[in-house]
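Only one chain is included here, represented as structure tokens and corresponding to the form predicted alone.
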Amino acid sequence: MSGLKVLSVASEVFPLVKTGGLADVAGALPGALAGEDVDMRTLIPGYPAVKDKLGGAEVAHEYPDLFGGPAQVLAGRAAGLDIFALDAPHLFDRPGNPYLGPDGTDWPDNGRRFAALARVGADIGLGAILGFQPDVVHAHDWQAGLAPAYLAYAGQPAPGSLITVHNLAFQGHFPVSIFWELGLPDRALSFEGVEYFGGVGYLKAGLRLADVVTTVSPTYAREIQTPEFGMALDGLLRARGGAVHGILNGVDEAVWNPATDPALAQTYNPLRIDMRARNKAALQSRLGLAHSVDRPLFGVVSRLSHQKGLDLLLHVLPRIVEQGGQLGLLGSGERWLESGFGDAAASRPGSVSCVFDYDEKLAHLFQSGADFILVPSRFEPCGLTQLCALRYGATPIVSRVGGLADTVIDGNDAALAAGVATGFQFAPPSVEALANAIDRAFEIYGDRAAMRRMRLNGMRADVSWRGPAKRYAELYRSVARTAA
């Protein structure tokens, strides 16, 4: 018998389509799991960008009518991944952001679009595609949250199911009127099923009906079972506490490797860490910052939002510049934050620079050139930015929440004396606490030996998928059930 077969159901997968960390995880897991004897294939919507990259695709299944139009499942390979693409033009043949229309608001039919994705994921789990019978269906976030519900109410033996919460803040809550389009039995519209605050909760359905719930760090798994971080789902999660597991994300070591990264001005490794300075110069040049070896360069690679705590950084920014530091920012998001950082850059040329966009290659240069990477989030399920920073020797400054708390060893006196510190943590997420952490970073930056040791500690930390892949494989085997 071959290894375990798993169907991953996700709304985005790197490098085919990406808006956030979900895509990175969905793109990296299949390769990481191959070493655990797990054959993972990924179901993703057939966005134009996906179909353009899907080579040698064959029609694996057809639907005469799927939520208002014909659809088919295409099977093929893209970017080294085994892909099932849900080719439903009436739902997914739209350019740009997978979730938002041209006006920046949610597509009004997102409820139907991602119910279709979940329904097809469940159908494949139940044997719709010859030659691939999954033992487990792995749903990611609310967009795939109904897949465990379709399996639970299928009325026939079904594979095991697992749902991963990448960010509990996004829940997929729709009016109750959509229930009658879903094709679920009437009894599913209950607290024990998909009902949620008088409507239909896609993520809630997955959390209630999947065999196992995972989230992307041990600390976040505990946090979301509290009222402070539970986003009104903490009661359900506490009730299912024994089925909730926190598994840290990793980073793809082939994509994020400073020794081979083609996006860098200069490749390097821990034995040649001093060569990293050339990337700092290249980043300063790219951003229009004053060239200086002595001025610490603080970097931000982030969505600009209240969650990410970047309003705190706006308040602390004058303090950074007054002490001789520089700030480079890459990201976009809420207009008031873009405006605030834009004004700061305009008033402090040579010291502050912003790129209000997302550029994957530039993100790599940020990680290789910045001295410090700032992640002041109010909550953070895992965070990939600080993992990449560690791998590239950019010292992270993070709030003590979620996966940030689990992955960065604070540079307190004891950790510095023991030679194990990899960055700086602060709590609570406040202006005062962030300012204090930045002051500590300036102090370390002035001690060349201590700064070098902290960078090397970060680069030698294990941020790979090896450990997480083993944990996922164990959970898959614990819930695997082969459909009859």
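Start at 1 with the first residue shown and count on from there. In this text the structure is predicted, and so the values were computed from the model without any measurement.
Heads up, the form predicted in complex with ligand GLC isn't pictured, but that's what we're talking about next.
Peer 1: Would residue 328 sit within 4.5 Å of ligand GLC in the predicted bound form, counting heavy atoms only?
Peer 2: Taking the distances in the predicted bound form, the answer for residue 328 is no, it never comes within 4.5 Å of ligand GLC.
Peer 1: Considering only heavy atoms, tell me if residue 162 and ligand GLC come within 4.5 Å of each other in the predicted bound form.
Peer 2: Contact check for residue 162: no, nothing within 4.5 Å of ligand GLC in the predicted bound form.
Peer 1: Heavy atom to heavy atom, is residue 468 within 4.5 Å of ligand GLC in the predicted bound form?
Peer 2: No, residue 468 sits far enough from ligand GLC in the predicted bound form that none of its heavy atoms falls within 4.5 Å.
Peer 1: Evaluate residue 307 for contact with ligand GLC in the predicted bound form, applying a 4.5 angstroms cut-off between non-hydrogen atoms, and reply yes or no.
Peer 2: Contact check for residue 307: yes, within 4.5 Å of ligand GLC in the predicted bound form.
Peer 1: From the candidate stretches 299-307, 346-354, 318-326, 269-277, select the single one in contact with ligand GLC in the predicted bound form, where contact means a heavy atom within 4.5 Å.
Peer 2: Selected stretch: 299-307.
Peer 1: Going by heavy atom distances of 4.5 angstroms or less, which of 148, 134, 376, 381 would be at the interface with ligand GLC in the predicted bound form?
Peer 2: Here the answer is residue option 381.
Peer 1: Going by heavy atom distances of 4.5 angstroms or less, which of 407, 167, 219, 214 would be at the interface with ligand GLC in the predicted bound form?
Peer 2: By the 4.5 Å heavy-atom cutoff, the listed residue in contact is 167.
Peer 1: Can you tell me which bits of 42-66 touch ligand GLC in the predicted bound form, meaning any heavy atom within 4.5 Å?
Peer 2: Stretch hits: zero.
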